[in-house]
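Only one chain is included here, represented as structure tokens and corresponding to the form predicted on its own.
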């Protein structure tokens, strides 16, 4: 950490980036780290390739996150947050590869240890916990905007303190953020409070797609682009749907297959060779990080994912074969 702090103090123009399809921790990490660098009077670009989900747009200064990076701009440092592999930031990876110093800050066990400096703690409940420690180590005051992001990152990445990554620090830090003025009700209302009619229709279609393995230990949900089109929803509205199949009685492994946009006409069935993102969730007995890694992905032992190009029939066959080992 000391080397990273020394470099940050001597940097001038910093690019911050996190993984595509960002969750609460990825977004909160970007914003809180941006505030830390603002305090140090650094010029900062805050980047994520994907649109920010509506439930996270209440976060202070979220509008500073841009979806494009000026490749002609000179950055002396890049900080990649909450991202196990550099390629997961998307198209900006090309720009990052040209930046002299890359700092990798993350808490995923499957992190590939890319970059010139790594600040990786797999025991942290969220990447914002690590950023919180940077604030403390550097003796930088945490203002209300940073506190709101830190609180939200921990709230979402621990599943409201329900997931196995919930540690003592999660409660201690959130209590401190609340003491600084964060309103837990206000945050929860935005993160979990409301559904549009389209989202409810999407939930209905998603539930109809549920399949269970013969031994009853693996559940599978499939979401196609046509479902989003039919319900007028966006990819961000998929967040949380996997909980419906994870919480089915006796399920050890829950799998959500999401068809990715390919630029072609929308169809009623996924196309051959279409690209999918696969999310994995488990009970306490299955290491889904290892499963995701075998498909070229990564994550945590209880929550992980990967992207793959395949025929949907072949992909489902491979996934259901996993049930035999459960």
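Numbering follows the first chain given and starts at 1. Just so it is clear, the model here is predicted, and its values are computed rather than measured.
Here the subject shifts to the form predicted together with a small molecule, a form of this protein not shown in this document.
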*Out of the stretches listed (85 to 93, 213 to 221, 186 to 194, 70 to 78), which one is close to the small molecule in the model of the complex, meaning heavy atoms within 4.5 Å?*
85 to 93
*Would residue 303 sit within 4.5 Å of the small molecule in the model of the complex, counting heavy atoms only?*
yes
*State yes or no: in the model of the complex, is some non-hydrogen atom of residue 252 no more than 4.5 angstroms from a non-hydrogen atom of the small molecule?*
no
_Partner contact for residue 108 in the model of the complex: the small molecule, 4.5 angstroms, heavy atom_ = yes
*Quick one: is residue 279 in contact with the small molecule in the model of the complex, heavy atoms, 4.5 Å cut-off?*
yes
